[in-house]
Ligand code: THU
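Let's start with one chain on its own, the form predicted alone, as structure tokens.
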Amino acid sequence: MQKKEIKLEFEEFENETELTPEDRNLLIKALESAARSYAPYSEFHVGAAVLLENGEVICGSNQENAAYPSGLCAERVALFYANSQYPGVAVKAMAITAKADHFVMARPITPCGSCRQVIAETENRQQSKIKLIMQGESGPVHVMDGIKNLLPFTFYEKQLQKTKK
């Protein structure tokens, strides 16, 4: 047996004022999107903003449903809309933020497992990494270069090959 280690890298900024204007603007759009979420059950509002290579910004917010699995996360709302409206245009960056009704989100929010897989699929399809910018309502901001820093063991379509050799 061998013990192996995975190293994850990210940048931590004290707050959004340390970001580039482009990244800060994207994070502001994500926070505005969180305010438009439909979250009557969890009272946890998530917003995402996606910057496309053509300069378009697509926003999404979590949309809950009384049948919990029927809801959709902000990240997937934004990515699916971006791909349906701008097929073939690469995603350059994604900002994600959240706020809750009964407590303050003072740490960066990260995508759930399903959203991580969708981000991985998007990166794989476009053959380029997506910069991830994550913050709570306030406080530190984490910036990562690509989803592998959050999902090191990604499931790809090559694992679905149907022919054995």
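Computed from a prediction, not measured in an experiment: that's the story for all the values here. Don't overthink the numbering: it's just position in the shown sequence, from 1.
Omitted from view is the form predicted together with tetrahydrodeoxyuridine, to which the following refers.
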Notebook entry, point to check: Using a 4.5 Å heavy atom cut-off, which stretch among 51-59, 111-119, 125-133, 28-36 contacts tetrahydrodeoxyuridine in the predicted complex?
Noted result: 111-119
Margin query: in the predicted complex, does each of S42, V46 and C73 have a heavy atom within 4.5 Å of tetrahydrodeoxyuridine?
Written below: yes
Notebook entry, point to check: Given that the partner is absent here, does E64 sit within 4.5 Å of tetrahydrodeoxyuridine in the predicted complex, heavy atoms only?
Noted result: yes
